[in-house]
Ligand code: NAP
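Take a look at this one chain, the form predicted on its own, written out in structure tokens.
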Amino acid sequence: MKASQLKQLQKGQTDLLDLLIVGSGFSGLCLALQMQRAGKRWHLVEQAASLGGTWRDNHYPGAACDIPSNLYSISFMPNPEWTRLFPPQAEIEAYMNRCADQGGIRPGLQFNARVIRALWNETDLCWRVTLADGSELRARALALGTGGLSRPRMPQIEGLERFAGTLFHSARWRHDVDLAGKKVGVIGTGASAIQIVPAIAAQCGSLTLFQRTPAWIVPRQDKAVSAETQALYRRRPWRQRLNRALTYARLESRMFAFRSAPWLLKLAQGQVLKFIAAKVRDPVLRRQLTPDYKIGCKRILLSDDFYRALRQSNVRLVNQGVVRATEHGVITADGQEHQLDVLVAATGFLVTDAGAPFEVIGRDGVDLNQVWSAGPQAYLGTTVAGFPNLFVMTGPNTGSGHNSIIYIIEAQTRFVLKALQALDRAGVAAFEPRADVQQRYNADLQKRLAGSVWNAGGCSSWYLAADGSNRVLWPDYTFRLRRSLSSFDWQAFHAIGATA
């Protein structure tokens, strides 16, 4: 297609967006802010009634981030008002809404708008996206900001539907349920559970924590940010930027141990064992809470009060998996029945085995979820062969086990903008990564991950797909992924509708 034909095709199509964004978590928010600053025609649809993504939905007691606040924020929208070193959920959600207001993007946000299908139209060379109300939006490019931590995973327990008490997932917390004096059970000992248990233990009549596998937990060392520090950050923003840079460097340095110095991980593991011994005096309980796999195999968790909560007289750790539910409780693998009034599933999310939460139909009628049925993969974790002008935010192998995901999101956002600019400069309607380039890229990733602590650390984690491959983590320093996303190289892509 010649450039003149392309212009004619798009002439008068006043409803054609440069970019349609699905999801209003940090990915969608960052994209919208940058598209607004660049003067692009964009629109964002969100199935919920407000923005926030993970930080809107995960409002369970004690919910907070495990990345320091000055780094877990958008670089060009600093927040001198953080009240704690590690930001609590309510402050993060409020910060995101403030970014939307300050960035002037509210008019482009459409809430209560659930996408049911996205189709690449090979005639018009654009995406046609259908909403649940039957309306349709059209865009040159489509960005999926639906996230890997958006679809809760309920435990596969026989007879769970028979439980007559109150059952809910931690990401769908029922604040209308009074826990005072109740027999409460929590399934899981991951990132959510170690925050929930200390937050609710005192009000429960009894709290039973069901654990399959213990986690490596290190001190969080959270503290309040003083009014003087907040005032300093307002007066001298460079001080907050410096703190952010130093925090990034400190967290990034941990990759040296993960990637190049396993002896450092062994040393760290010894220090954590000392921490457990100091906090848990009961030898039986300490043994139950001590992992038998290498530190780093699963995400290392941070808490100052989890072990202390387990010492409360009304809290009990059951080191058995739940296998069956009854009307009045659950039965663990040892055959014991536990009477419960409330059961909380802190069992994580569908990550490696979940594609898009709706149909995404690319070139030649190919469905993204079918393509990814054996495990998701992309080029640079952002673009997918067979799906022109599609961007997957926080896509396969972009996760960080040691640093802030917002750093990666910003890198992806800049790549999206560079790709759209490259299309304009070349007079090209669309692009997609070459299949051979994508295949080599992912083969190299899996080769680098094969012997890593995440794949060979002796644990079963949500990082791993059913076939044992790691489709979640980036196996290197985050600045190297950022560098890979810093430019748009046409040699890795096919041009569609290019100038003849």
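Keep in mind the model is a prediction, meaning the values are calculated, not measured. Residue positions are given as counts along the sequence shown, with the first one as 1.
Although not depicted, the form predicted together with the ligand is the subject of the following passage.
Using a 4.5 angstroms threshold between heavy atoms, Ile361 stays clear of the ligand in the model of the complex. Remark: Ala346 counts among the residues lining the ligand in the model of the complex, judged by a heavy atom distance of 4.5 Å or less. Of the heavy atoms in Trp42, none are within 4.5 Å of the ligand in the model of the complex. Although the partner is absent here, Val330 is not a contact residue: none of its heavy atoms lies within 4.5 angstroms of the ligand in the model of the complex. Heavy atoms within 4.5 Å of the ligand in the model of the complex map, among the stretches 64 to 72, 45 to 53, 434 to 442, 30 to 38, onto 64 to 72 alone.
Contact annotation: of the candidates Gly395, Pro388, Gly188, Gly145, the single residue with a non-hydrogen atom within 4.5 angstroms of the ligand in the model of the complex is Gly188. Gly321 is the sole member of Pro237, Gly321, Gly104, Gly205 with a non-hydrogen atom lying within 4.5 angstroms of the ligand in the model of the complex. Contacts of stretch 443 to 464 with the ligand in the model of the complex, defined by any heavy atom lying within 4.5 Å, are made by Trp462 alone.
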